[in-house]
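Below you will find one chain, with nothing else, as C-alpha cells; this is the form predicted on its own, and questions on how it binds or moves follow later.
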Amino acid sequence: MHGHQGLKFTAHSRSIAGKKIAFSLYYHFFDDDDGISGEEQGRGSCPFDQRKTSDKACDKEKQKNGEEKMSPLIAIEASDLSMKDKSVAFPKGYPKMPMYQPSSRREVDSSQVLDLETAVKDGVLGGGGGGVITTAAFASDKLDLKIMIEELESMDVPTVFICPISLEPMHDPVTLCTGQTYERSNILKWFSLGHCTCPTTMQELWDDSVTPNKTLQQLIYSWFSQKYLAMKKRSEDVQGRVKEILENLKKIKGQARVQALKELRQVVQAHGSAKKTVVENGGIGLISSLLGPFTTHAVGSEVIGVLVSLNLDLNSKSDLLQPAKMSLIVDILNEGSIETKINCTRLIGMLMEGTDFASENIASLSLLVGLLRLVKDKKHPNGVLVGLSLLETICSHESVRSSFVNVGAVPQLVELIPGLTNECLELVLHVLELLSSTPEGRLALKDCPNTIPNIVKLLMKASENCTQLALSILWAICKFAPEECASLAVDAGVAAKLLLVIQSGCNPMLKQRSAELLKLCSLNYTTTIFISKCKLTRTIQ
C-alpha cells in the first residue's frame, strides 16, 4: 500500500487587460511513497502519468518550466484576486482513481459557473460548447436530460459527450481504469458479454470497476440545459410573432400585406413550432382566403410559399381546389420566379394527394405547358425532379393523357432523356410509358426520330426499373408499327441489349418480354441477314 495518496488543487489567477479578475482550480494526483504524479487533462479521465520523480523534484521542475498546463474545471468569479499558488491535499487513505470525483452533495456557490468556454479552448469539449452557463439551471425545476436530448436530436453535440459504443449522448457517464468514458448501461452490457477489455483502446482491464464521471455529467447537463432553454425561448418568441402576423393580415393590405406574408413564410420555413401555431390559430383558412380573382401575383406567391410548408387537411385542400383559386395558382406557376414555380408545383402535388378532384380543374393545358417549361429549364435544374413528379401524378389519370400528347409533350420529354439523373429517368420513362398506352401517344413516340435510339441506350444501363420501362415503351411502338420501328430498333443495336437482358439476373417477366421483342424485331429478316445487321460476335450467334 502507498503511504499517502490524494489530490492537489492549484489555484491560478487570470489577467485580462492587466487586471486579475478570476482564478481557476487545477488538480493532479500525487503519491508520497513512489513519487508518481499525473496531471488530469481533457475531461478529467486520463490514466496516471508514470513519471518516477519525487514531489519536491516535480515542484522544482515546474518552477523551471513555468506554469504547468492543466485543464480548468471551475472558474470562480472575483473582482480582484491576489492569491499565491496554494495546494490542498485530501486525507491519507484517499483511494486511487483515474479521475477526480466531486461529491454529488457538494453545494455550489451561486457565484460559480461551469467554464465551458475555457473547456472548449483546452479541448475538453472538442470544439463544441456554447459559452458560460450559470448553475442557476440546476436550481428550481430540474430539466429531464433524456427529454432534452430527444428534443435536441438534430443539434450537433460535442464529441466528448458521445458514448463511443452507442454514438449517442451520455446520460450517466462512467470512466474505466484506462481513462475512457462510456454510458453506464452500454459498458455494463459490454462486460455482460464476457469482454474484459476497454472497447476504445482494446486494453486489458486491470480493474473492472466503473467510476461515475460527475464532472462530465454536470457539463453535459449544463450544455443541454442551455441549448434547450434557448430553444424554448425562441419557440415562445416565434409563436407570439406568428399570432401577431396573423392578426395583422386581417387588417393590412397592399405592400404591407406582402411584407407580412413574406415574414410569415420565412418564420414557417425556419421553425417547426410556427407551423403548429398557424394551424392551431386558424391560419390556413385565413391565408387561403387571400387567394382570389383579384389577388396580385406578389401576394399570391407569398401565400403559396406559406401554404406549401404546412400540413393541409382535406377541407383546406378542397377549398384550394376551387377553379378560381387553381386558375390563379397555375397563372403564378407560369409567370413567377423559379422558386415560386417550384412552390406552385409542390402545392398542386399536395392538393392531388388523397383527394377526389375533377381532372379538368387540375390538368388544364396551361398547367401542362407550365410544367413542361419547368422541366426543360436548363438554368434551374432543381425544378426538373419536382416537375416530373407532378407530371407523373397527372398522367396517372387516363383522361388527361391525350391532352398532354396534344401539347407536344412527347418529343420534349424524349429530348430530355440523355441529360437526366437516374431518379428523373425513371419518372420521365414512366410518363412516356403511360402516354404510350394511348394511340396518340404511340404515334407521337413513333414519329419522334430520337425515341428509339434514346430508349435503346437505357437498356441495362441505369437500373432494372428503367430497363423494364424502356422495354415496355419499345414493345408498344414496335407492336404499333413493326415494319418501320423494328428495323430502326435493330439499327440502334437493340438485339445485343436484349440478349444481355436475357442472360442477366433480371426477373423472369423482363426476360420474357425481351425474348418477345427480339423475336418481333427479327420477323422481317432471314437469320443470316438479322445476325449480320445485329453485328453479333460468333459467341453470341
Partner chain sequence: MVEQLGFVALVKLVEVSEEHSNDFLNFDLRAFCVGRLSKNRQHTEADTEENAQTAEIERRIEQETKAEKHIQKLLLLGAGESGKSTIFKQIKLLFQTGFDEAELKSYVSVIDANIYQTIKILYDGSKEFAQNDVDSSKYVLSSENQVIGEKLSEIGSRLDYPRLDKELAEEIGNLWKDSAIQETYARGNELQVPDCTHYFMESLQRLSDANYVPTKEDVLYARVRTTGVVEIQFSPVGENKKSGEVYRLFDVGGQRNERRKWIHLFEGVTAVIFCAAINEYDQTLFEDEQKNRMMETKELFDWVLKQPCFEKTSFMLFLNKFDIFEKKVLNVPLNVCEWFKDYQPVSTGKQEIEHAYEFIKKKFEELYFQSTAPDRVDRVFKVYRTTALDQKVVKKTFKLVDETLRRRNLFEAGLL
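Remember, predicted model here, so these are calculated numbers, not experimental data. Residue numbers count along the first chain shown, from 1.
Another form, the form predicted together with its partner chain, is not on view; read the next lines as being about it.
- Taken together, the three residues 293, 364 and 373 all come within 4.5 Å of its partner chain in the predicted bound form, as judged by their closest heavy atom.
- Of the stretches 254-262, 461-469, 170-178, 239-247, only 254-262 has residues with a heavy atom within 4.5 Å of its partner chain in the predicted bound form.
- Out of the listed residues 337, 209, 311, 422, 337 is the one that sits within 4.5 Å of its partner chain in the predicted bound form by at least one heavy atom.
- Distance criterion of 4.5 Å from any heavy atom to its partner chain in the predicted bound form singles out 323 from the list 282, 439, 449, 323.
- Contact check for residue 327: a non-hydrogen atom falls within 4.5 Å of its partner chain in the predicted bound form.
- In the predicted bound form, none of the heavy atoms of residue 392 sits within 4.5 Å of a heavy atom of its partner chain.
- Contact annotation for residue 443: none of its heavy atoms lies within 4.5 Å of its partner chain in the predicted bound form.
- When its partner chain is considered in the predicted bound form, residue 319 lies well away from it, no heavy atom lying within 4.5 Å.
- Counting a residue when any of its non-hydrogen atoms is within 4.5 Å of its partner chain in the predicted bound form, there are no hits in 419-441.
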